[in-house]
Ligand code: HEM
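The chain below stands alone and is given as structure tokens, in the form predicted on its own.
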């Protein structure tokens, strides 16, 4: 079971050895999630997997160990080499940058996600959601089903377009979505392959990936160029980035840096929220009792189908649903770091240059941390609940100084969409499907997740 082993006098954490290593590396490339899961179940809260002759991977899945890596000893950790595979897309944005450059960018970006700024974006979220729901009305009348995963991806991408660029990117959304899918699969392949073909080698796969990256960049760069000299005319993140000045130096961002941050927000902001929502509707279909409790709360607190920003704070059960859904299916299911100097975690030596996988999924499913960890139980997050009080028992947005800067916006967006959908429709899984999870950069449903939509009557 998870957490079965504890640290002892050995300096090296437990893990596969000998011929088992090659077998696990092959499995890792074929099915990353299942291989990680098997390693954690077999070896416990800290697992060592030799990745190359000079570098090992350490999977850590206990809150104490996560806190050491992400918070208490964070100055000894930098983004792991795995993030280098994202650099061709996001450059030196917040997701990949380090040191003084990261700190400067964080200072410039943080004000864009203060409470009042998030409030100003709420109308964008509600308008885009209402547009989608109006289309669902027609589909419900004709008895059509929807792929909820694709619907949430389109919706959050539409919202991202409005928040970032103050424009409907509907015409580009399919191109962006397809490019992101190609890019994510490639990143996962390179992260999990000890030996991979460099992107510079002109294979068919590499050309397809490079075309996707160039397509994403061209869309964003074109939007930046159109905005040049007009930043004061718009109230969106692109203009805020163009106008932002470092309070210490007075410097502004260059075009390349603006593009990198926009690419980061576009990828991280849209993908994670859409996955969280898809898994939430999946869980609510499987647990109609909890769905009824959610419906009761929303019907009681929302006289209109469009909630006010202030009304969101009254949706306590909605918060509980969010927390439990992201516990079971954290969109960012792993976070990789690299120790600058040798470290010690749980009594074990972790050499510098290692890949340390701080794994929200496995902490969230650890039976030493959570009772009935595989069960869907929003009540464990009730204000009066006596659940784990460790700050890293549940950390869907990461933690420490590098916790996701857009976390509050993501929660607002999630609650608006969930509340507005629940107010109007009941969604149920179409029978006969086998729903599996695919773990690339994010944890998302594999293939379609088809649901029937039925108008609720109040």
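Numbering follows the first chain given and starts at 1. If you're wondering where the values come from, they're calculated on a predicted model, not measured in any experiment.
Below, we refer to the form predicted in complex with the named molecule, which is not included among the displayed structures.
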### Summary
Only one of 249 to 257, 285 to 293, 339 to 347, 75 to 83 has residues with a heavy atom within 4.5 Å of the named molecule in the predicted bound form, and that stretch is 75 to 83
### Query
Is residue 403 one of the residues lying within 4.5 Å of the named molecule in the predicted bound form, judged by heavy atom distances?
yes
### Message
Contact with the named molecule in the predicted bound form for residue 398, defined as at least one heavy atom pair within 4.5 Å: yes or no?
### Response
yes
### Query
Does the named molecule get within 4.5 angstroms of any non-hydrogen atom of residue 95 in the predicted bound form?
yes
### Task
Check whether residue 43 has any heavy atom within 4.5 Å of a heavy atom of the named molecule in the predicted bound form, and answer yes or no.
no
### Summary
Residue within 4.5 Å of the named molecule in the predicted bound form by heavy atom, from 425, 51, 392, 409, is 409
### Query
Which pick from 149, 318, 162, 264 sits with a heavy atom within 4.5 Å of the named molecule in the predicted bound form?
264
### Message
Can you list, in sequence order, the residues from 92 to 123 that come within 4.5 Å of the named molecule in the predicted bound form, counting heavy atoms only?
### Response
94, 95, 102, 106, 113
